[in-house]
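One chain is shown next in structure tokens, namely the form predicted on its own.
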């Protein structure tokens, strides 16, 4: 890539220049809080995802939390979460007072195992959160089918999946809600920030109330009607201006991510001891990052780093973290695969030559 000292980073946020005039316009307006610019950003997201409504909030974690509240989740309920995800997915459930029910992942995709989900359902199961790991839909259709048969709300953790297409539809548009993150390691960023999308009008109204002190529509701060309990989870005009500017580069960034994945997939497919996880890039699925399962994960990671190619190791399984600690027995796939899983360098600034260079390093490692 052309980075300093010829280093290929795992990921690199980028301000593209389109943000500056939009941010300056917000500053000149003297209204920096959640307002018309945030509404414009929400509208653009609905166009991208193909849903009726979008609600801007403070983070992807907040998006999950408010979605669960809007689905009626609370104390005494259970919410099913995959064991391999960023801990925020489980924390959002805990914030509602509901019980986090962890289930194992599918060995082929690292997304939620439908069989494990089915076995975890009880009369208290109120919602399920399928996580689109690295932007991959994986087992989503089967999860949605099981949930529908049991009257369980589907809240999609699409934090890594903006714009990714699965079975002809955008991820985030399958469930009751879809939740996106705009943190710095996502394809577009607002620094921090998130978005909830939905096609359900009643859920949309409830989300508006939850994010803005119980007001279904923006008020004056004075004689407003507060229809129900809510809090303050607003996405500001400043953040939304950055997001709108970032969206100008979304299509080109996604195409680079797909191109990088194709190179990894094609060059590394025959290596014994390494498996590139699946993406249907020809069908529109978009890797936020390219992930692999490799037996000597730590050794490969160290080898690539020594040659200037930085990777990121996968999350520890949620069941091994202190707030949710359980024994390994119920989670054979996540227990086995987490220590073997690695995100390869996937920054959209990478050139084809950069990806080829990484592939060469990986092949060199396996020859040794």
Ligand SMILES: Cc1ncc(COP(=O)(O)O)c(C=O)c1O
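Positions refer to the first chain, counted from 1. Keep in mind that what you see is a predicted model, and the values were worked out from it rather than measured.
There is another form of this protein, the form predicted together with this ligand, and it is not shown here; the text below is about that form.
Partner contacts here mean any heavy atom within 4.5 Å of this ligand in the predicted bound form, and among 293-301, 159-167, 141-149, 238-246 they occur only in 159-167. Taking the partner from the other structure, this ligand in the predicted bound form has no heavy atom within 4.5 Å of any heavy atom of residue 55. This ligand in the predicted bound form comes within 4.5 Å of a heavy atom belonging to residue 64. Contact between residue 59 and this ligand in the predicted bound form is found at the 4.5 Å heavy atom cutoff. Contact between residue 88 and this ligand in the predicted bound form is found at the 4.5 Å heavy atom cutoff.
Checked against this ligand in the predicted bound form, the residues 113, 181, 198, 96 give one hit for a heavy atom within 4.5 Å, which is 181. Checked against this ligand in the predicted bound form, the residues 186, 234, 256, 262 give one hit for a heavy atom within 4.5 Å, which is 186.
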